[in-house]
Structures are given as C-alpha cells and as structure tokens.
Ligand code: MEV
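Next up: just one chain, as structure tokens, the form predicted alone.
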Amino acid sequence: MKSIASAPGKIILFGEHFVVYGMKAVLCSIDKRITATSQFIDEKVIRVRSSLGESEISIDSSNNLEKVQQKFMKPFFYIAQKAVKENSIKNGIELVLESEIPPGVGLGSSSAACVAATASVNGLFCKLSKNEVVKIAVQAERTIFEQNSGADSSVSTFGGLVSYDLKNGFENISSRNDLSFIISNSAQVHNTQDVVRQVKNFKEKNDELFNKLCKLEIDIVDDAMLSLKDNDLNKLGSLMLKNHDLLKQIGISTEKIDLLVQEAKKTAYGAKITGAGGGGCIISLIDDSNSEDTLNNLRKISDCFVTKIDYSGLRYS
C-alpha cells in the first residue's frame, strides 16, 4: 500500500520582512509541487529519501530526533515518528520526496515538503483534514526553525492567494485571477535566518527610517489588494517595483537581484525579490503579451520558468 500526496510551493507578492513587524504580507501558492510517497516497510526504521537534498537516511523509529545529523531532514522524521507512535505500529515507514521546486531559493520548498509528507504519512492510516495537516506541518517545521509563522505551510495546504499579518493571521483573498509569473533564480545561496537578523539590525540602527518604510509598505499592500480585485496588471506591476525598492533600502537585495529586476522591467509589468532576499529568486508579472520577450531577456542571465497561481493546494493521489 502506498499513500501519495502533493503540495505546491509559494511566492510572496508583497510584504516580506515587514510582516515580521506587524505589516500585512500577500502570498500565493504556485503550480510547482512536491510529491510525497509513503509506504510500510518490514524494518523498524524510518527511511527518508529526498530529491531536495539528494539524500537517503534511516533511523530507528524509536530514536531521538537529535540522532538526525542532516538538519533539513528533521521535520520528516518528526512527522513519521509522530504517526508511528500514535498508531502503535510495529513495522517501519519509508517516505520518498520528489520536487519540482528548487530548494533554498525562497519558494517554500521545505514547507511544501512538510505539508505533502504530513498528508502522505498519515494517509497510511487515515486522511487528515487540511486544518490537521497544517497543524502538524508547522510543528514539524519548528523542529528546525522555532519562530516559523506557519504562513508558508498554510498557503501550501489551502492554495490560492492569502494575506497574513501577526494580529489577524490568515485571510483568503477572494480572487480567481489567473496571474502568471516568471521566476528567475539568482543562483546566490542565502540563509533566511541570517537575513532576518540582518534586517533586525538595520531596524535597530535606523528606527525612524524603518518606521517610514513600514508606512509606505502599508500603502503598497492596500493598493495591491485593490489591484488584485480589479485584475489591474499595470498597477500591480508598478507596486511590485515599489516594494522591491523598499526591500533594497533595508539591504536584502544584491547586484545580481537588481540586475534581474532591471532586465525584467523592460518588458514585464513589474518585478521584485520574493522571499528573504540576499540571493534566491525574483518574480516578474507577465501575461501572454510579454511572456516570451521577458523570458528571452532573463534567460540570458539566469535560470527561469513560468508559473501560475495554484488554487487547489494539498492534493491526495
């Protein structure tokens, strides 16, 4: 018996970093997925194979999580161990993860993997509701990042467009806009926690300026919500460029990222960093009229692909 589930990655349209300080962020899931396949095995071990890290490791199902040497694998052992204990099974579980999403570039690959793994492993016993999946997936992510907000896991599970802020949590954005983006990978490695600390240091040293930027971000997000409602691509694109400028001011852009944005804006409606910055990816807003020209420009300097908003979220196969 095999249990198969898949979950989409995500992009942040507006509000990264500022969301940590109470501002609203806008996220959406994308049509690139991670698929998790689980099955029982005779050995009393938990075995995880992942294309994300090109790794395969096994540990005794009763072992402490601290025995897991590869940090990025901890959430998956947490998920499987929890299922083994709660269902009192005597055999082991093998979990295989296959990804369409490049890892470590700000596209939510780790969260999508946790969501897919949670649904797949528990599907060996019974299918969980989406709310139950989110709860376990976020707990799993917190085995390596305690401050995880759950934003990525939530949008991966439920799909579509959402807004998020610390006070109100998540709200679905009632839009069925068929937005298209080109995702361009700078190929610059970054560490999200390091970049978050960098922004915190910037805020502490430039508090007045940071507060001013927060107010500008509020206006950008408010205008973006209206633009999404009206499906106004020109306005949405210009707001993305404004948001990118704010992210540059807090120091999370790079020369390569800025080059990609400059190249994209020649033909796309707009472009910006998505995610932590310090490397990773940019997103460029396009439609059929400018997709080919924008792709041709960006492919001269980066690997890139076209994606759309995914409205289905978590899926069982």
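Residue positions are given as counts along the sequence shown, with the first one as 1. Note that the rigid core is defined as the largest set of C-alphas that superpose within 1.5 Å between two forms. Computed from a prediction, not measured in an experiment: that's the story for all the values here.
Same protein, other form: the form predicted in complex with the named molecule, not shown, and the subject of what follows.
Contact with the named molecule in the model of the complex holds for all three of V19, F145 and V196, each having a heavy atom within 4.5 Å. For the options Q188, S149, N177, Q139, the one in contact with the named molecule in the model of the complex, meaning a heavy atom within 4.5 Å, is S149. The partner is absent here; in the model of the complex, the one residue of A276, V261, I59, L52 having a heavy atom within 4.5 Å of the named molecule is A276. Partner contacts here mean any heavy atom within 4.5 Å of the named molecule in the model of the complex, and among 177 to 185, 221 to 229, 202 to 210, 149 to 157 they occur only in 149 to 157. Put simply, L13 is far from the named molecule in the model of the complex: not one heavy atom of it is within 4.5 Å. Heavy atoms of T192 reach within 4.5 Å of the named molecule in the model of the complex, making it an interface residue. The Cα shift for I144 between this form and the one not shown, taken after rigid core superposition, is smaller than 2 angstroms. V306 shows a C-alpha shift below 2 Å between this form and the one not shown [criterion: core-superposed Cα displacement of 2 Å]. The Cα position of L166 differs by 2 Å or more between this form and the one not shown after fitting on the rigid core.
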